[in-house]
Each structure stands twice: as structure tokens, then as C-alpha cells.
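Below, in C-alpha cells: the form predicted on its own, a single chain.
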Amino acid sequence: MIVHKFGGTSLGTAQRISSVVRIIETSLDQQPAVVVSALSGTTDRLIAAARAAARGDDSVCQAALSWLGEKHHSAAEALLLATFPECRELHGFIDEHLERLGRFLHSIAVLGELTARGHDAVACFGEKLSAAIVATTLRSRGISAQAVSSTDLIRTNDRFGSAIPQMEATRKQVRDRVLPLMKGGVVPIITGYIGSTADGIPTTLGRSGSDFSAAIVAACLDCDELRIWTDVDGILTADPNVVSSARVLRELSYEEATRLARFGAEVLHPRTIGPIIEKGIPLCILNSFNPADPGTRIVQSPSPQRHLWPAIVSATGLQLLRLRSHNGPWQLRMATTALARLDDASIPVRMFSQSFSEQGINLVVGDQDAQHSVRLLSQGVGGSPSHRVYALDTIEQVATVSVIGLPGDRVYGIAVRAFAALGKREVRVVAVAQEAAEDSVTFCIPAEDVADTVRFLHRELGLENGKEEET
């Protein structure tokens, strides 16, 4: 028994969905269950529409509904013959959910506020649509499949935006609802990212939380392997789109993979490993664009003969927000107020650094969250000068670059070497975050410098010619 998880890039077009169907088809003898993300770009559109509704911008909402309708109807039309009995039913399903989404957005507009609960109610629509499309496509190819909403499977607390699963209740639901399908030869197509409270109120597990969903399902099913399909050949020493010579880390321990995920390795959600550790379930990171590649295998006890290298994790599409004290000394509560405000709005803060000498804090957020972050933080800026808590100072387009020496790889002081390399290249470092250990560091640098910086670090750390491969 295996669990596949397919992310948004693997489901970006009708052609990509056809490739996913072929991957599922080749694994039918292994009793697969499948967890899917929303089609690429969908969740960002949904969240942007919800935020626009709260500020009364109906044009953005209507544009989002139009985009969502076009994307999902086009995929359905390309994948299914018009004569297929379920074709009309699928188009009706899409229209019904978009109509329901429109009503949700109208309710948010009337309220004039986007609550965390309202955020999750809107954000969960994408996975429901993608699961229906994948399941219907499988059936059109003669494969028994059924879309299953994880609101009926994954029980969580009511921390909307980053809900915590209640594993005992979830395990019972998964085994009661999913196992009978699999034993009957039906492939369950399960919505990722979402769950529900005991009262049936939809929740989300955090942005990019479909990996986490898949791990939860895999653990509840006691499956033999979890396979997460993405658009690269596993976890690499650097982004292969930036460094063509980046090496695949073929085998990692649970601890090592979690560490890389925490530093922002986009192919793996940081919470993914937790549910599978107790069961000792192997996790494979694979490329749906290149399914023949063995990818990265993550296990409890990797082979002592494996090659292990440091890794460089970079992230782009980010903006830096600077908050400074308006009157008087900078206090910790000012930072906690700002962070709490963003957390309540389910906005991931990719990095932050605080300086008492400069009387302020630097926050790094995604481009898609920047304007909303400014609006939220400006609520602490308004009022007369004498009553302002802090002032929003500067916004800059940035990227982050993390250099991580994996535990046990005998590469000590890598942070020092990374600082030296950036100094040698004269890269402007905007902000720095570092753990107490010397085996990792994250730099915030100007966005335009990221590609050249990552390539230079890759060479300087010996990853081009294998100098670091001995463990």
C-alpha cells in the first residue's frame, strides 16, 4: 500500500494531469491512495480574492472567479471527451463550487473583515476542484476512482490557518472511509491542505500543507511508502533552475530532511516528517516531469556509505518590511504585536531579525502577502504621532539564501565560510538569521543578486567538483 501526493506544479495543465494519471496507473498493483493539491496558482487566487472582498474590491473577486472557472473548465474539457457520461456532471460540479465561492466572497464583503475562519473557508475550494478533476479523469481511463474530501477525514483543532490534527480521531476516520475503498479496488483521490474541526468547520494545515496531509494519511493507513511528486529530481544541493550542476541528495535521514524543510526547501513541507517517523514509513521525493529518476529517499537510518553534502536553499518572490520604533525605546512587545497580527491573518513570515540598536525589526514575506501585510501592520501605525507604536519604514524586493551543513557531514564552521564567500563577492547583506550552531545561516540579500550569489556559493563550498562528498 502506498500514498502518492501530487503538488500544484504536477497538476498545472491538462497535459500534466494526464502524466499524473499515468503515474497512478503504473502503481495500481500497490494499492495507491492519492493526495492532491489545488491546480497551480489556484490557492493564491483564492486568498487574494478573499482579501479583496474584505476591502470591498469586487473587481478583483470577479476576476478571480473568472480565472478559476476558465482554468478548471479548460482542464476538464481537455481531459475528457464530451461524450463521456460524467463530463457534464464535472462541469456542473465546478460551476456549483464557484457559485458557492462567490457567495462566500459576498459574505466577507458584507462583513468587511476577513477572519481566520473565513480565510480557511475560501482557501479550501481549490483542492476540492482538483480532486474531482483527477478522479473523473481516472474513471474516463477505466480506473475506478473516487474524490474524497479530507474535511471528512482529518480532524483538527480550531486554529484556523495552521490547524493541528487530532491524530486518534483522524486515524479512525481515514481507516473507516479510505481503507474500504482501497480494498474494493477504488483509488481514493483525497484533498490535501484541508481538514475540519469536530463540528465540521473547514480548516487548513498551513500554506503548502498538502505534503503534511499526505503524511497524515500515510501514517493512518500504515502504508509501505509515501511518494511526494514535485517538479525537481528530489532534494538538491541548490535550486537546479539556478545551478545546473546541483547534486541530488539521494538519501537523507528524517532529521536531515526536516532540517532542510525548516530552512525553506520548497519540495518538502516542514511538518511532513512528523507523522511518519513513529511508523518508520519511507518517504520518496520524486519528479513527476521525470518519473524514471529515483529522487531522494528519506528513511530512519540512511546508509553509512551514502554521499552527503551541504545544501543551499534559496527563495525568491519576497519583500522586506522594516518596522521601527516611532517614539521611545524599541520593546519586545512591538515585535510580538507585529508577528501576531500577521500570524492571525495566516501570513507566513519567511524570516525576521530584530535589532535593539536600530530600534526595529525586519520581516520577510511573500510578494502575494506584501500588500496585505502592509495594511495589517499599518493598523499599528495610524493615529497621532504621539500614540503610534511603530512606523512602517521601508519595503524592498529581496531573496533569502540559507546555507545548511547537514548533521554528521563533518563540515564545521560552514557559516563562517559562507560569510567569507559573500564578503569575497561583495554581496550586500540586508539581514541575517543564524542558529546558535555554526552549521547553518540565512542571508537576506537584494533580489537581483540571488542567482549569481547561489552559483558563487555552490562553487566556493566545493559542491561543483565533489570536494565535500566524503563523509
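The structure presented is a predicted model; accordingly, all values stated were derived computationally and were not measured. In this text, residue numbers run from 1 along the sequence as written.
Keep in mind the form predicted together with a small molecule is missing from the figure; the text below concerns it.
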{"query": "Interface membership of residue 165, the small molecule in the predicted bound form, 4.5 Å heavy atom rule", "finding": "no"}
{"query": "Touches the small molecule in the predicted bound form: residue 38 (any heavy atom, 4.5 Å)", "finding": "yes"}
{"query": "Exercise: residue 208 in contact with the small molecule in the predicted bound form, heavy atom 4.5 Å", "finding": "yes"}
{"query": "4.5 Å heavy atom contact, residue 440 and the small molecule in the predicted bound form", "finding": "no"}
{"query": "Heavy atom of each of 120, 160 and 196 within 4.5 Å of the small molecule in the predicted bound form", "finding": "no"}
{"query": "Interface stretch in the predicted bound form with the small molecule - options 276-284, 300-308, 112-120, 209-217, non-hydrogen atom within 4.5 Å", "finding": "209-217"}
